[in-house]
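Shown next as structure tokens: one chain only, the form predicted on its own.
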Amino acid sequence: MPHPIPVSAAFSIRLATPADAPELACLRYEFRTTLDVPTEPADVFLARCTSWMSDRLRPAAAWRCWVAETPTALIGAVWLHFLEKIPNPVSEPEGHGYITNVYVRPDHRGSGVGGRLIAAALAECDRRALHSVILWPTPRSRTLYERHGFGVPRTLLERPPVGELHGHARSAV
């Protein structure tokens, strides 16, 4: 008897375009509202996020997004922001990458979608010879990123928000 085909067996990865912004905004809402209670109505957020994403998906923008899609829907995405460094007179790359909003719909997890999305973003980082690539993992995603070469930073310092400096907690990013 043949094995059943995994739900996400037939997916592809491609660079997102501004036309993907409405569906990407829905993915963002789905992702973030599973982590915390929304503070604005869904329709207001979706309009605001769609506009933001559409602007940042233009070819000249400092953002890139790759989507995983089946023939009928987007099932995941990863966003990458390019951070410029000041020009340098020595042999050191002049840019960093920031990976964020890595999300795969729950019914497609565990089948390689997230790994392929990360690989697409990292291939662009490698193509651009960036100095480093950073991200903030969730406890659940940490092993995925470690499999792609991420580790605890050796040279990065972080200043927490002012509220944390004074003993107040903040919500997750």
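Counting begins at 1, following the sequence as shown. Keep in mind that this is a model prediction, so the values were computed, not measured.
Below, we turn to the form predicted in complex with a small molecule, even though it does not appear here.
Among T143, T39, T33, S51, the residue placing a heavy atom within 4.5 Å of the small molecule in the predicted complex is T143.
This chain is displayed alone, yet in the predicted complex one of H131, R109, R56, R128 has a heavy atom within 4.5 Å of the small molecule; that residue is R109. Judged by heavy atoms within 4.5 Å of the small molecule in the predicted complex, the contact stretch among the candidates 59-67, 120-128, 43-51, 101-109 is 101-109. At the 4.5 Å threshold, heavy atoms of V113 reach the small molecule in the predicted complex.
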